[in-house]
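This document contains two forms of one protein chain, each encoded as structure tokens and listed individually as structure 1 and structure 2.
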Structure 1
């Protein structure tokens, strides 16, 4: 089985972010970019399916600029992905999810794949649009927020579950199919040092933006533009309390809520 996994570089959770001078985008200078959390689960699920289905192959694809995109692709190689493809992004308009989806769909049309996996949403914009938009472009079914994904080799179909407000849904779907994954069978594995060193020398297939834009034509133009990037205001009003027991802490908090915050009568 040929498995393609979509990954995206996102700022590390503990990184201090700031806006560019013009306020339209994140200032990427000095920001450490890593694999998005749900994308790590997608890679883990792909590797588990490869292990359960002999002869399978896993390829990771990412859209974005250098050097961050190359770094997350090498992180995927270190985890055990067989091959990777970097789809170069334009200098501007790279945040438009439609452009991202169309560019990745163009790349996917050039590589064999039966199953397309992605995280249910990225760790930065949390839009969760790209996997579904790619499926629409490719004309295949897609499902989001998936857990417990399995492949029935005999029938060539997928079985999986989705958690909804009404309960847990159980589904069967034929391949090819696109899945936005919420969680793999296991927690994502950690890359071992020998694999990290090996990944530094492995090749990365690159599709230049000029080639993508020439093929897409007008579809390569962004239909949405970020107007402003703002950080949330600094939190104020926090108050530390001293206590010797949980009971004393609870009494102090209730008193403060009543006397100072005026929450309780």
Structure 2
């Protein structure tokens, strides 16, 4: 099976967020970028499927600027991904999800993809729509919030579950299709040192932005503008409940929740 995984470089969780001086977006100066959490799970899932289906290949694609994009692609190689493609982003407008999706869909013309795997949502913008938008460009079906993804080797189709508002749905879908994963692998593999060293010398196929934008024309134009990036006022610390007995603590907190915070009737 030919598996393509979409991976996005995002600021690591511990990042102290701050706005650029013009206030429009995150100041990325000095921020360390890593693989988005769900995308790390998507790689793990792809590698597990490759192990289960001999002859499979796993290829990763990322859209973004240097050097962060190259770094996450090398991280993917170190984890065991076979080949990677870097789709270069423009300096501005690269955060418009429509542009991201079209650029990646363009690149996918060169990357075999019976199964396209993405994350449920990226930990930075949390749009949760890029995988679906790419699927629309490719004319294939997509499914979000997927867990327990398996390949039925007899029929070649996928089986999986989706956690939606309705409950847990079970699905069977033929290839090709796109899957946005919500699997939380709590123990994804980590890269071994020799593989990290090896990954530094492995080739990265690069598609320059000039090429992408020339091919897409009008479709590469961003349809949204970032205007403001703000941090909410810090929570001032908890109001601590004073009490002499557990019963008193319970009464006090329930009263505060009803009368002060007004959260339940």
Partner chain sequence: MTPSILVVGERLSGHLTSATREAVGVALALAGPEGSVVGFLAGSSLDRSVTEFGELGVTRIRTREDPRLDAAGAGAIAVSVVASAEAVSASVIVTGGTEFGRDLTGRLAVRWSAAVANGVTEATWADAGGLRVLRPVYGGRATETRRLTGSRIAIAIRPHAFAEPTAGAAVAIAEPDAGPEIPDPLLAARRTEVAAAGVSAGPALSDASIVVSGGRGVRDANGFRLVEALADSLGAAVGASRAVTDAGWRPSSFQVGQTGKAVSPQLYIAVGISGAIQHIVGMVSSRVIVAVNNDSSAPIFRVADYGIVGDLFQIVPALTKEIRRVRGLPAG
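This one's a predicted model, so the numbers in the text were calculated from it and none came from an experiment. Here, rigid core means the biggest group of C-alpha atoms that superpose within 1.5 Å across both forms. Residue numbers count along the first chain shown, from 1.
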Does the form predicted on its own correspond to structure 1 or to structure 2? 1
Fill in the domain rotation here: degrees turned by the smaller rigid part against the larger between structure 1 and structure 2. 38
Where the core is superposed, what shift in Å does the CA of residue 239 undergo between structure 1 and structure 2? 6.0
